[in-house]
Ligand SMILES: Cc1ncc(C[n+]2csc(CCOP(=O)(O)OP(=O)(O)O)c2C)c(N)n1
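As structure tokens, one chain now follows by itself in the form predicted alone.
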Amino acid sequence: MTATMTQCLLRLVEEDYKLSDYQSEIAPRWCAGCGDIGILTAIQRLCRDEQIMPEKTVFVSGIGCSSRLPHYMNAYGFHGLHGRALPVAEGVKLRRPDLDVFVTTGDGDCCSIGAAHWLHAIRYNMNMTVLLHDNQVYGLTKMQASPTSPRDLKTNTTPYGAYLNPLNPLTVTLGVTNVSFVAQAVDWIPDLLYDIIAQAHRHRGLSFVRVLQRCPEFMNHRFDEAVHDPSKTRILTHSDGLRLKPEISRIYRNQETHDPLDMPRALAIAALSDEIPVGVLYRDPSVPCYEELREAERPNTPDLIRTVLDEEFDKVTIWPQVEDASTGVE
């Protein structure tokens, strides 16, 4: 997209954005040790490193602990209704494709009440970054089972244990038509969390990143085995994907060279039950984006906006009656 003259002038005088430029004046209201803090930090680092303009960035969320995140970013934000983050973000992107759009949603917000929007957002493949904060429990409403809760988990809504096996957001997303980017990260490996979100942001199309994150209040031991035993984590590497730092590679030796265009292998990795895959499972930048297919033939200029508004207002306007001077009739 060709930059406007105003954008070019702004770039000539723009400041070098610092990390603090992306931090709002509101202190994060998450429990100490919450994985959401690590996700917020990774996003703020990404914005600084990519020098993303705060005034050209939008964070959209639904309801839940994860959905507080827009309050803590110094950018535009929309804290919406439960499960409705994705259609709001799609509306923003469709009308303003020049904006950077991020969606932060939780396992209940996305995979339960927002499930239909989730599937169709994948199908539309609009150019935005979607982060699924998956702590496998409803935390904000004080411990109810979510679609990703492990079987037999005792909660306020499942006092005798959850009856069903958990839904797998990775395999579900990979099975949707037009899927173009699917990845998984964990909050306890911050370097890889940052790298995966950065790759998602650079991808052209809808990037879906599931982040397994710890809830210190209601699921405080859920991921202990993976945290303390690196062999339980399988790192996916690729020449055009994750490239591990030596110190990370020494700790996490369970690695697999995986081609992100290999859908059958991506599905097999996503279905692993004894290990946690971390990395880019699938990526296909050739999938068309819905906002490009629906690109307006006329530019969205102030004059065009004014004309369209006038046409719509005219439909419901009650005009004052004016007396005809020649006949005296109104």
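None of these values were measured; they are calculated from a predicted model. Numbers follow the displayed sequence, beginning with 1.
There is another form of this protein, the form predicted together with the ligand, and it is not shown here; the text below is about that form.
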Counting any heavy atom within 4.5 Å as contact, can you tell me which stretch out of 161 to 169, 189 to 197, 136 to 144, 243 to 251 lines the ligand in the predicted complex? 136 to 144
The ligand isn't shown here, but in the predicted complex which of Pro70, Gly64, Gly38, Pro277 has a heavy atom within 4.5 Å of it? Gly64
Does any heavy atom of His79 come within 4.5 Å of a heavy atom of the ligand in the predicted complex? no
In the predicted complex, does Ile113 have a heavy atom within 4.5 Å of the ligand? yes
Scan 85 to 110 and write down, in order along the chain, each residue with a heavy atom lying within 4.5 Å of the ligand in the predicted complex. Gly106, Asp107, Gly108, Asp109
